[in-house]
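What follows is one chain in C-alpha cells, specifically the form predicted on its own.
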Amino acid sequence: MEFAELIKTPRVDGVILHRPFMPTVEGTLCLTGHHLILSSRQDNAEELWLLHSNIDSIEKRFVGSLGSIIVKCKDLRVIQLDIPGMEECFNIASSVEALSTLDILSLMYPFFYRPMFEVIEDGWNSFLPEDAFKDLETMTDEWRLSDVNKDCTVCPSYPPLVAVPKDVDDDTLRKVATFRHSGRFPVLSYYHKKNGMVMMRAGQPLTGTNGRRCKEDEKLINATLRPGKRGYIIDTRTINLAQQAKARGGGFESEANYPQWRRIHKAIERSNILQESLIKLVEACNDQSHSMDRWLSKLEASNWQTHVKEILTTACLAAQCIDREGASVLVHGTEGTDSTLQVTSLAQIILDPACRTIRGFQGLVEREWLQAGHPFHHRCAQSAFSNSKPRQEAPVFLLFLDCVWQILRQFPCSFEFSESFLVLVFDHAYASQFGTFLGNSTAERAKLSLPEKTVSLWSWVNRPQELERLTNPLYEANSLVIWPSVAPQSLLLWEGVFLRWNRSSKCLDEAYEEMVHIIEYNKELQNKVNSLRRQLAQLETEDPLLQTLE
C-alpha cells in the first residue's frame, strides 16, 4: 500500500496553529506518510512535527468557509489547526484519520526512521536474558537458563530463554505450561541478594471447576522454597474474581495441593476498568470550567489514585514478604501480562537499588515488560481521547510509571533518573520513531526483525548528552530498601503527565535551573573546603609550631 493513496491534500498554506501557553503560529501544513508538519517563515517560530501514530482522535469544526481541526494526542496534548477552505479541511482531517489508524506494524514509522545521531551502543543488545543470568550466577547456583521456549511454542508470550530452578527439567516445564494460562509457567522474576529469597511470576493455574491438579507445577514452585520455609502466592484478583475464573477453566492454587504456600488475594482492577479511569481523569484535567468541588469530585470519580494505591500496596506486600518475612513469592493474576508485571517490577524498584539507576530501569522495563510479554501494541493502541470503542487498550504501563513517580517523589535522592525520564518512556510507549515498544511479545518482535530493521530507544537514551539531561541532580546512591507510603495523603496527581500541556512550565523550569545551580555551587564550596583542609594538613606537617598553637 502507498501512503500517497491516503493523502488527499498533501499541503495547505495559511494554516494557524493554536497551542496552550504558546504563541499562535501561521505557516504551511504538510502531510507525509508518517508526520503532520507545520512550518513557518516567522522568526523563532518552532516547527510542529507530529507523528500520525501519536494522534488519538480528530474533531472538525466549521465557521463559514474556515475549518478547524482539533487534534488530540496519545501524549495528552490537544492542539487546534485553523485551515482556510472547507474542502482542504475535510481532506486533511480524513487523511490524518486514515494515517493515524493504520494498524499494519511494518508500515509504522520506526521501519522508515534513520537516526541522525551516532549509535554508540546498540540498545537491542544491551539487556539480553543471558547477560542478566550471568549476574544471577555470581549470587547463586540454584537456577538455570532454559531454552525450552526457544521457538516460542511452549509459551508464545515468553522469550526464548527463561530462568527456572536448576532441579526442574524441560519436560517438567512443558507439562507445567499446559496447566498455566497461555502456557505461562512460573519463571524467575527477581533474586534478593540479601537473603536468597526469590520472586516468580506466572499465569493463573487452570484448575477449573473439577479442581484439576498438576504434580509438576507443585514440584516447580516448591523447588524455590528453603527447607522448613513457607512461601506466599500473591493473586492480584479478589477472591470472588478468582472463584469466577474457575467456571471459565482458570482458578487458583488450593491449600490442599500447595500446603507450603499461603495465598493472598489483592484487588488490582482489570484492563477495561483502567481505560475508563484514564478517560475520566484526562477529561477532568482538561475541563477548565469547574469549581474546586467539581474538580475534586471528578478527580475522585476517575478512581485513578485508588488504582495507584492498590498497585503500590500490592508491590509493597510482595517486597515485605521477601525482605522482612524472608519468604519467596509467586505473583499472578489471570493472564500474568498486566497486573502481575506491575507488582513484580515495582517490588524490584523498592528492593533493588540497581533498578533505580537509569540503566537499571531500562533493564527492568526490558525484563519485566517487553521480554515478559506485556502486549504493548494492544494496550497502547489508544490513549484517553479515542472515539472508537476500546478493545484491548489499557493504561497498565502508564500506571506502573505513575507508581514509580510516586516513589521517586517520596525518595527524591534515591533515583538516578529524573521525572523527565519517566515522561519520555511514557511518550515512546504510545508513539515513537524507535522500535522498542512495537509488538506484543519477543516472538512478534523477532518475526518483524525489529532489532535489524529499527533503532532501539535505549540507543538514543544511552548517549552522554541524553544521559546528562535525564539524570537527577539530587541523586545519591542508596543501597537500602525503600518503603514508600501508600497513605492517600501521600499520593499525588502526576502533574508532569496529566497537566503537562494545561499549564505553563516556565516557573517550574526556572525553579529546576535554580536547584541545579545551588547543587553545583554547593559542590564548588565542598571542593574548596576539601582543598583548604589538605593545605592545612600539609602546613601542619611542615611547621610543628602550628600544631602546638592548636
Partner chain sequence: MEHIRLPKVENVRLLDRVSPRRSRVGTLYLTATHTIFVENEMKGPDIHVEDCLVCSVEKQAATASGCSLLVRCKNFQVLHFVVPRERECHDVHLSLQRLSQPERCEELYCFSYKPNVDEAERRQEWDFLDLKADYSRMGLPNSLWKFSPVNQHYKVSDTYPADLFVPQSATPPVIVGSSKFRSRGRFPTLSYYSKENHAAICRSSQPLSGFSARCLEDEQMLEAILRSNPRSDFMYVVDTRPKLNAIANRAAGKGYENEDNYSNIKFQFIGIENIHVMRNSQQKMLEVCELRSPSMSDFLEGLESSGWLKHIKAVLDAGIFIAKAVAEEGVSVLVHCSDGWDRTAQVCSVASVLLDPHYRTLRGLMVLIEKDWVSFGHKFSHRCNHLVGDPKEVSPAIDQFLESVWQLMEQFPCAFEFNARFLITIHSHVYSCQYGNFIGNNQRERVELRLRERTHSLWSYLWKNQTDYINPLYRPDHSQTQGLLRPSTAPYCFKSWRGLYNRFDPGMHPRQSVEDYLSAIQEETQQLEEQLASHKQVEKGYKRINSKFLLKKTQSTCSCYRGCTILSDLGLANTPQDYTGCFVTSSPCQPKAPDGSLVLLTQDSNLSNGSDQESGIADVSCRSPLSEDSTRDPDSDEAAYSAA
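What you see is a predicted model, and the numbers here were worked out from it, not measured in a lab. Residue numbers count along the first chain shown, from 1.
The same protein also has a form predicted in complex with its partner chain, omitted here; what follows describes it.
Screening 131-139, 312-320, 437-445, 372-380 for residues having heavy atoms within 4.5 Å of its partner chain in the predicted complex returns a single hit, 312-320. The putative spot formed by 226, 273 and 278 is not touched by its partner chain in the predicted complex; no residue has a non-hydrogen atom within 4.5 angstroms of it.
Proximity of residue 116 to its partner chain in the predicted complex: non-hydrogen atoms within 4.5 Å are absent; the residue sits far from the partner. Shown alone here, residue 412 lies within 4.5 Å of its partner chain in the predicted complex, counting heavy atoms only. Heavy atoms of residue 267 reach within 4.5 Å of its partner chain in the predicted complex, making it an interface residue. None of the heavy atoms of residue 65 is located within 4.5 Å of its partner chain in the predicted complex. Between the options 121, 255, 167, 171, the residue in contact with its partner chain in the predicted complex by a heavy atom within 4.5 angstroms is 255. Comment: its partner chain is not present in this chain, but in the predicted complex one of 86, 247, 107, 239 has a heavy atom within 4.5 Å of it, namely 239. In sequence order, 486, 487, 488, 489, 490, 491, 492, 495, 499, 502 are the residues of 486-502 having a heavy atom within 4.5 Å of its partner chain in the predicted complex; the partner itself is omitted from this view.
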